[in-house]
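What follows is one chain in structure tokens, specifically the form predicted alone.
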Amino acid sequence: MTSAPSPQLAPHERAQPLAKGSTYPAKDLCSQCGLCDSRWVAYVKDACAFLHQRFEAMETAAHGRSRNLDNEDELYFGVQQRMFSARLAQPIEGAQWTGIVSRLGVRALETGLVDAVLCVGQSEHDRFTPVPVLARTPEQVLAARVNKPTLSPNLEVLEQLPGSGIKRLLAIGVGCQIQALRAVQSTLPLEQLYVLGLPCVDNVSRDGLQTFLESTVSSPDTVVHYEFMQDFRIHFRHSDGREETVPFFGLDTPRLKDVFASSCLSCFDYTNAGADLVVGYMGATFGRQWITVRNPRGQELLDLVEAELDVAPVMSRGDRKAAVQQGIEAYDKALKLPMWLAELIGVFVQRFGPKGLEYGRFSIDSHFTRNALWLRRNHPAKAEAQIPAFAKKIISRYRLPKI
């Protein structure tokens, strides 16, 4: 899909971004995606994922159709042409997993497919403080490898596009960022936009991240990255190379219940519905990445690296439903289990629990039901409009506590 600025949209060039630290239109639901910090702030009322849900329109514009709610795979994982698991045959040193996302960004530049890659580096003073960049070289892309699990203003760098000479852009981002980006795509001074999406859930502010680390891991100051993984454990890597894992069920839920950003507690775009290509781990077996191609542009991106991948079909095993229902009640009561019991449950669930796509559905069900409850309690007036049709169908399969 090509897009170029049109004369009648010229007034947006004069729109002034909101001063950082001022009140953003989404208020406490703001995910700090960065759009309000650019001249595209004039479009935020329609573009913001937390002011206006537009999944069907976004999917149709990006992929040519919206998801089929009667197809279980599309109900959960969105519009798709292909879905499989993979890992780089030769992993990138220092990457969080094997480095598929970084390799895609590098190849997009090396082949001339794009002029720049929108990705997220980090502050020179703090590993977990995100710094969005328009990378113009492979080295800049590689410098941004490894996730930053904090809210990131990716779209503020759109401000740099006019006059930059960038006409073809690969944007890497999470769901709320991509929803806003798709909404303003036709007004951007680009000839082509490619979107590489990351599944995303439960981001935090930098202060919230510190609370999470201090309540969960043995040495919070040495953590270089972490991820909630398919073995129902959180995997931490420390600066000295040491790895540490903590069972999901051992989290200090009373302390952490309110640490996640309000935007994440009201989001239903876990699988990044608007991206051309999605790369994550949630629907794959442990050690592999889950890849979903949503449209021809996604396949065009995948073509850059597919020959370098060890590819396998997706699989699905187990039954998530009882675990999800029990989790709803445990989270709602903010239970904290003794670590010995958390470890025991973790071993049992790891052995007998859902795997592959069924693990992905477990994670989606758990977060959608939690978020629906949170919205209905904290924003009852907008809850039903904020929950999209596909999420309502999933949520209806479970018993939620009365509001």
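Note that this is a predicted model, so its numbers are computed, not measured. From 1 onward, residues are counted along the sequence shown.
Same protein, other form: the form predicted in complex with a small molecule, not shown, and the subject of what follows.
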Handout entry: Candidate stretches 159 to 167, 187 to 195, 282 to 290, 231 to 239 - the one whose heavy atoms come within 4.5 Å of the small molecule in the predicted complex
Key = 282 to 290
Handout entry: 4.5 angstroms heavy atom contact with the small molecule in the predicted complex for residue 97
Key = yes
Problem - Proximity of residue 147 to the small molecule in the predicted complex, heavy atoms at 4.5 Å - result: yes
Exercise for the section: Verify the contact flag for residue 177: yes if a non-hydrogen atom of it lies within 4.5 Å of a non-hydrogen atom of the small molecule in the predicted complex, no if not. Expected result: yes
Problem - residue 274, heavy atom within 4.5 angstroms of the small molecule in the predicted complex - result: no
Exercise for the section: Could you spot which one of 155, 201, 116, 209 gets a heavy atom to within 4.5 Å of the small molecule in the predicted complex? Expected result: 201
Exercise for the section: With the small molecule left out of view, choose which of 302, 183, 261, 120 has a non-hydrogen atom within 4.5 angstroms of it in the predicted complex. Expected result: 120
Problem - Every residue of 102, 172 and 270 near the small molecule in the predicted complex, heavy atom within 4.5 Å - result: yes
